[in-house]
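Here we start with a single chain on its own, the form predicted alone, put down as C-alpha cells.
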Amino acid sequence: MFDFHKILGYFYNDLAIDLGTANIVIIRDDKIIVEEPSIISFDDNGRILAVGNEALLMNGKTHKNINVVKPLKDGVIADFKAAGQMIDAFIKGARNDHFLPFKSFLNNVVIGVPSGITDVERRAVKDFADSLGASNTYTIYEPVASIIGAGIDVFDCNASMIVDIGGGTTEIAIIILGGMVCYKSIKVAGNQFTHDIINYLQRNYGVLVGENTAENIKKNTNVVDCDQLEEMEGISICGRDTLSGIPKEVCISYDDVASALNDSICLVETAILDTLKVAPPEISSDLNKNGIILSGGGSLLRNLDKRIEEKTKLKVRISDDPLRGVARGIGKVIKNMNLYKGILMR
C-alpha cells in the first residue's frame, strides 16, 4: 500500500536551516542533509568553483582569478547573492546524494537568527529564504532553538539559561514560558578566537599564519585554561616570518593558546554576568537549580565550563550535540509547527 504522505514528502520539503557564520547545517525529516563550512569560491567570470569543504581548502591560497567568499558575518547575511548561490549549490548536492531525480518544492523553511539581529537584517534573511522558493518562511532566535535542541521544554515555567558560542556571535539568553526574558548577543565567538591566535603568534613569535592554520590550532589544542590539564607537548606550526618573509616553523604550547584566547573568553564571561544582573529576581532559584547550558562549537573548549562555573557559581553543562544544537532545535520546531508557531517570526 502506498504511503501518500511519504510520496508528497519527496515533492514538498520542509527545511530547518542553521545559517552559521562558520558552518551551515540543513535538516530535512530529522536528517542532516548538509553540514559544510559557510564558504564559496568563484572564478573571475562569477562561475561557482566550489562550496563548503572544497572551497575552504582554497581559502588563503588563491590567485587573482579566484575569489573566495564567506557570505555570512557575525551571524547574519553579508553577501546576499553569494549566500543564495551557496545554499542552492548545497541543496542541489544534497538532492543528488539522496538520488532524487527531480527538484522538490520548499514548503516551510525555518532559519535561526541571532537575538541581536536588526529589523533590516531579519528582512534580509526572510528575503533570502523567499528567494529559495519557499512557500512559508519563518525565523527563530538561535538561543531559543538551542534550548529546544538541548531537549529543554521551552514553554516550561522554570527558567533555563543558554550560552551558545557560535562562529560569529555568542548568544546568551534566559528563557521561560516560550520567550527570552533577558538576552545578550556579542560579536565575540569562534571567528574572534581564531583571529586572537593569529594576532598572538604575530606579536609573540613573529610569525604570520592564515585563518585555516589558526583554526586548526584552535581545534587541535581546544583549550582555554591549562591549570587542570596535565603537562602536554607543544605543537609545531609553520607560517611566514614577519621580518624576513621566509617560511618559519615554531613550537607553541597549550599555554600560548590559552593566553591568546583569554581576553575574548573574559568578554564572554562578562556578558554572562551582565545577563544575570538584569534577570528578574524571581527566577534566581530556577537558575540556581537548572544552571547554565553551553552550546555551539565554542563550548567544546576544554575547561570553559569550569571557568564559567567559577565565575557564576552556577552549575554548567554542555549540551549533548553542541555543534548542531541550533539546527537540531529548528528541526524539532519544523516537525511540530502547530506547537511552536507562537515562537516563530515571519
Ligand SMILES: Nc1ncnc2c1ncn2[C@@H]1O[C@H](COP(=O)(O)OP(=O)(O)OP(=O)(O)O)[C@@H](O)[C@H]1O
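Bear in mind that the values here come from a model prediction, so they are computed numbers and not experimental data. When you see a residue number, it is the position in the sequence shown, counting from 1.
The same protein also exists as the form predicted together with the ligand; that form is not shown, yet it is the one meant from here on.
In plain terms, the part of the chain that comes close to the ligand in the model of the complex, with a heavy atom within 4.5 Å, is 293-301 out of 39-47, 293-301, 312-320, 62-70. Using a 4.5 angstroms threshold between heavy atoms, residue 191 counts as touching the ligand in the model of the complex. The ligand in the model of the complex comes within 4.5 Å of a heavy atom belonging to residue 219. Under a 4.5 angstroms non-hydrogen atom cutoff, the ligand in the model of the complex lacks residue 331 among its neighbouring residues. Among heavy atoms of residue 166, some come within 4.5 Å of the ligand in the model of the complex. Only one of 255, 215, 121, 196 lies close to the ligand in the model of the complex, with a heavy atom inside 4.5 Å, and it is 215. Interface residues of 142-163, taken as those with a heavy atom within 4.5 Å of the ligand in the model of the complex (partner not displayed), are limited to 142.
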